[in-house]
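Single chain ahead, by itself, as structure tokens, in the form predicted on its own.
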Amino acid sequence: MDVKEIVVISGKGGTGKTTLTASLIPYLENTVVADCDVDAPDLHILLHPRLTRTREFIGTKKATIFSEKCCGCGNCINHCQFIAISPAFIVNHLKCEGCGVCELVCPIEAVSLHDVVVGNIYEGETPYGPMIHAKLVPGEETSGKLVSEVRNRAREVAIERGCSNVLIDGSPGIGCNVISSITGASIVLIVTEPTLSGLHDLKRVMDISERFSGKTYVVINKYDLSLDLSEQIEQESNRRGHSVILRFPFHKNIVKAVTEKNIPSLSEKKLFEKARWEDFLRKISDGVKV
């Protein structure tokens, strides 16, 4: 079964990426929703999913020194590049990278690596269909692997349920978690804002999208805060072959809805004409009913 993945990303946090993702959901039929912003997931706040399954995510290994076996030779301390082992031969798991050198150099096998839970993956049901999301333990560095797990599970659920779309709230920035969010995706929507940092980060994230995904579109949020910068964003997008398919004004109704933990209705006539909204939906998903 062919499942289309539509990923919403941004070059920086706070541009309205999650707000746009949530607002699309009621208009996309047969869709599984996935929140791949695993470092700071918040899409569930607007969708209020009823959790049906929770499972732990093991994303790395950490070292443990067994004091009853340790001979105190100090090989592990001397070879640890991350200074993760104290003089008392206690491993600081916040510093340990799980490289395994300490286990390798221990002459009496007093060190071993063990699996560590670094996050949780959640599955639930929303009024609009199934949702998969996850949360990484703060400070852990395996967000890319966890994003891949969320995407894979979302695709599995889509195939099981006969859903044709997976709508993904991706990670902001240009790190490995963003690459994991968009690699092989059918469509990428980049949400930006008319600021100098917004334009700068848009250029960087377009570089990533052009290399790892399919068709890319640009959405300008709060475009009326600076019409000059919005025009620069549009020119840069057109120059690189990425259409600006929607521009949202700064509107109190959107702020009010998010504050009340509700999905904003971006198709209000106060924001723009319905025809433009419908055209936007058709471009990102064939056969969408509005």
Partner chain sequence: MMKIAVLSGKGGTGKTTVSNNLAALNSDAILLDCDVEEPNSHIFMNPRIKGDEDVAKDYPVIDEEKCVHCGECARFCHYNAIISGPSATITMKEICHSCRGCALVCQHDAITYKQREIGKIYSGTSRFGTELVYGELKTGELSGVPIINKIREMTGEEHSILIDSPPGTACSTVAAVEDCDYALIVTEPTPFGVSDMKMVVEMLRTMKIPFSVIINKAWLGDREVYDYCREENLEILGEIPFDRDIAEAYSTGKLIVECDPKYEDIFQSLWNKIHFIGERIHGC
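Residue numbers count along the first chain shown, from 1. The model shown is predicted, which means the values in this text are computed figures rather than measured ones. Here the rigid core means the biggest group of C-alpha atoms that line up within 1.5 Å when the two forms are laid on top of each other.
Not pictured, yet referred to below: the form predicted together with its partner chain.
Chemist: Using a 4.5 Å heavy atom cut-off, are Ile65, Cys71 and Val117 all in contact with its partner chain in the model of the complex?
Modeler: No.
Chemist: Within 4.5 Å, heavy atoms only, which of Val219, Ile208, Val157, Cys76 is in contact with its partner chain in the model of the complex?
Modeler: Checked against the cut-off, the match is Ile208.
Chemist: Consider Leu94 of the chain shown here, and say whether it contacts its partner chain in the model of the complex, taking contact as heavy atoms within 4.5 Å.
Modeler: Yes, contact at 4.5 Å.
Chemist: Taking its partner chain as it sits in the model of the complex, is Pro49 near enough to touch it, meaning that at least one heavy atom pair lies within 4.5 angstroms?
Modeler: The answer is no: Pro49 has no heavy atom within 4.5 Å of its partner chain.
Chemist: Is there a non-hydrogen atom of Lys252 within 4.5 angstroms of a non-hydrogen atom of its partner chain in the model of the complex?
Modeler: Residue-level check for Lys252: yes, a contact with its partner chain.
Chemist: Please check if Arg204 has a heavy atom lying within 4.5 Å of any heavy atom of its partner chain in the model of the complex.
Modeler: It does: once its partner chain is placed as it appears in the model of the complex, Arg204 has a heavy atom within 4.5 Å of it.
Chemist: Listed by sequence position, which residues of 92 to 110 have a non-hydrogen atom within 4.5 angstroms of its partner chain in the model of the complex?
Modeler: Heavy-atom contacts to its partner chain in the model of the complex: Asn92, Leu94, Lys95, Glu97, Gly98, Cys99, Gly100, Val101, Leu104, Val105.
Chemist: Once you overlay the rigid core, does the Cα of Cys76 travel 2 Å or further between this form and the one not shown?
Modeler: Yes, because once the rigid core is superposed, the C-alpha of Cys76 moves 2 Å or more between this form and the one not shown.
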